[in-house]
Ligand SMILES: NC(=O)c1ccc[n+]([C@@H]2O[C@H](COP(=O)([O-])OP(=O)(O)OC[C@H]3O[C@@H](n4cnc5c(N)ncnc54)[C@H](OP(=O)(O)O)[C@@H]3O)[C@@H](O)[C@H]2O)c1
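So this first bit is one chain, no partners, the form predicted on its own, shown in structure tokens.
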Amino acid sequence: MNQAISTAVRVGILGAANIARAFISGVKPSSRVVVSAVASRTADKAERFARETGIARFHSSYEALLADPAIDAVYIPLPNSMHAEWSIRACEAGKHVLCEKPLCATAAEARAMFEAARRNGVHLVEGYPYRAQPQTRKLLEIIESGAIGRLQLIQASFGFTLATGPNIRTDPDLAGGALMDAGAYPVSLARMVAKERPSRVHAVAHWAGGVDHALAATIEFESGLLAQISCSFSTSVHRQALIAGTGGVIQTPFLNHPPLDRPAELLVKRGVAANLDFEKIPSVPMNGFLAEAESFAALVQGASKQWEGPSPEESLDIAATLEAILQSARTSHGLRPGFNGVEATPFM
């Protein structure tokens, strides 16, 4: 057996969703990660998915995959409402967990998930492929260097047109909605850039079928930084963020998977004058699933500083913020996110 493959982290996938196909395709070139098995609710579906994606083994239940001693870690691309249950069950089976965003539906679920990981001595992380992109590392380097001064405002948006017909993204029983599907990205970006937990949120939304189809929110931080995020199921595809400081501005598409045929670019303006040009800062584009999975493998193998995604503290804050934003949008009240087991509370 090839030595690189023999020491690779062996990943099992819970579910046969389309995103799982994209994940498998993305990580296939890796020498640090190998997708060894897939599980579905039926043997026929699991076998067909494994055959179509070139996976060596399949299981006819999630439980069977979690009991497989040849699996080191699991990737969870299940509907949002199932993330908490199956992440906890994976942790209890001694498996490391890479869970698709959003980590879960509530802050209470997030706390239970990380407690399960701690109790069982495994790693649990929330997947945002853009976080593992070289472009994101460059973005953080520029901010941390002080090149754009003290941060004042973040604006981040992600939207697209959702196809008509049944879709788990619009099922309230599966924790669907524009915020949980698309809005989690700009919320996570704001938390990453701010490097502090939000203190207050206020949101408005358009609702249909029990879920938000478009939402805009303002997020306030104790430092005085403000973030404005928006998401939609009914716009032309767009994904863009602007980060403004006292001494400059950065624009980024913060893509999961930048086009591989050209450099990924940040636009940076250094200075406060209106007539200054934006500088193009290139970075090498990567498949986001590949970059994220190899970062996850490094974490599992003991190199914790190589994990590029959210820390547990960040993911806990993201979960609480998403929950507070939805509550605010439903009630038309501003809310303080509920951290450390405290419920979100209205503010005047």
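Only a predicted model underlies this, so the values are computations on that prediction, with no experimental measurement involved. Counting begins at 1, following the sequence as shown.
Beyond what is shown, the protein has a form predicted together with the ligand; the following relates to that form.
Contact check at 4.5 Å (heavy atoms) against the ligand in the model of the complex: all three of Pro77, Arg169 and Tyr185 pass. Put simply, Gly15 is close to the ligand in the model of the complex: some heavy atom of it is within 4.5 Å.
Although the partner is absent here, Tyr62 sits close enough that one of its heavy atoms falls within 4.5 Å of the ligand in the model of the complex. At a distance threshold of 4.5 angstroms between non-hydrogen atoms, Lys45 is in contact with the ligand in the model of the complex.
Interface membership of Ser295, defined by any non-hydrogen atom within 4.5 Å of the ligand in the model of the complex, is ruled out. Here the chain stands by itself, but in the model of the complex one stretch of 115-123, 205-213, 173-181, 90-98, 173-181, has heavy atoms within 4.5 Å of the ligand.
When the ligand is considered in the model of the complex, only one residue from Ala105, Val268, Ala244, Met82 comes within 4.5 Å through any heavy atom, namely Met82. Contacts to the ligand in the model of the complex (heavy atom within 4.5 Å) from stretch 230-260: Asn256 only.
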